[in-house]
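Just one chain is shown here, as structure tokens, and it is the form predicted on its own.
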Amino acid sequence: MQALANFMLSETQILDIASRFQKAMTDGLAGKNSSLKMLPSFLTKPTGQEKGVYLAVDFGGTNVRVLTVELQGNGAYSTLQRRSFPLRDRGKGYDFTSPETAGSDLFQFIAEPMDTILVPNQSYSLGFTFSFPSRQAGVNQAVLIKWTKEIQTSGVEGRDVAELLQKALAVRNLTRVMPMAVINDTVGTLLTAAYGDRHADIGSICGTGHNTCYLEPSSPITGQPMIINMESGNFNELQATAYDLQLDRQSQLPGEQCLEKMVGGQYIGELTRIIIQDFINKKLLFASGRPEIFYTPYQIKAEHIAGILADKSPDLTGVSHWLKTICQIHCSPLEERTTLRNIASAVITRSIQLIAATYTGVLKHIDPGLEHRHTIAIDGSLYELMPGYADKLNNILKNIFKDKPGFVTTKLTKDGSGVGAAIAAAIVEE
């Protein structure tokens, strides 16, 4: 079926995207026009010998975590305390992600739970993971360029988030907490992996959103190695389908975050819903009616897609159960269930192929001769939990670099954004 065939990329197409991505990296580093922001982190990799207890804040979406981390040296670490809380809770009547909320209130809400995990009379260096496009003028200065992930809190864009956090700490009288570094979650993921793996030089998030950073061998700012946050979710040199264009038009930021809207967990359910809706309109699915769930934006979630793809039964009983319980469709022939599975598979497969293409572009940029081993540290629900995602990604990379077996590996780096913030604080403290 042509509608789904457009989602399947050949290896030639993947390599072409990788080449365009590599050029966008080069242009961005040189200050030329590029959809990749190539933001400096002012950090390099850790030695693996950093030690001490550090406080970390991890703000990457609609949930925020605060944690204390003990770095033990030799690449070992442990999380001592952890608290996680949502930024919006309809049951409790608050939403710190809405445009009606002031940025100062958001940051005071983030600072509030810190006291609950700190040891009395002990001072802490703080690392702050802030996973939104920010322009850094130093390791502890990060000005939010633009909110993504549908967050719209007012009074934060164009402001230094480290300064906003510092003011919130002062209001809470948390004077024993000393902010040291602001990083992106991809940077945190890379730092966490590199703490125990000297080959780790790419960090990536494959979850609600998507972004990648890497260790630039020679930063344009210092001439020394520096981790660069590419904001790769904004890469836009891609062939969009009519379904992608529809999703983009109804999004918070039309024309931006083009790659992320094709690959991220925030969007793959919605993209699947748009395709299913089109199939229904064309009488290719559910000819007897128009199930409401497929006509309501963002009602199909990434976890629904995972459930569909996890169903390996011959008659797709899991898909049938999902249709009955979630979609209120009590009778569906196997042919329709198979079509649903094919749609979900096409969306996920393209996500994997596009991400593999960007990794390929990075690898060819940092190691043109393919002379060294590389570990790509990845965190996020798609890579960890989506059936077949990690295996397919590894297989694509293995095929692309088949002349260099073992040249590149990917590794799940859980909680990397939180632990990485602590490692960043330790690097700066030294």
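Residue indices: 1-based, along the sequence shown. Since we're looking at a predicted model, the values are computed, not measured.
One more form of this protein should be noted, the form predicted together with a small molecule, which is absent from this view; the next part is about it.
- Between 184-192, 301-309, 75-83, 169-177, the stretch whose residues reach within 4.5 angstroms of the small molecule in the predicted bound form through a non-hydrogen atom is 184-192.
- Contact with the small molecule in the predicted bound form, defined as a heavy atom within 4.5 Å, is made by none of R198, I227 and T375.
- The partner is absent here, but in the predicted bound form a heavy atom of K149, alone among K324, R135, R159, K149, sits within 4.5 Å of the small molecule.
- With the partner omitted from this view, the residue of T339, S131, S125, T153 that lies near the small molecule in the predicted bound form is S131 [heavy atom within 4.5 Å].
- By the criterion of a heavy atom within 4.5 Å, G103 is excluded from the residues contacting the small molecule in the predicted bound form.
- Using a 4.5 Å cutoff between non-hydrogen atoms, H210 counts as a contact of the small molecule in the predicted bound form.
- In the predicted bound form, the small molecule sits within 4.5 Å of a heavy atom of Q257.
- Though the partner is left out of this view, E231 does reach within 4.5 Å of the small molecule in the predicted bound form, counting heavy atoms only.
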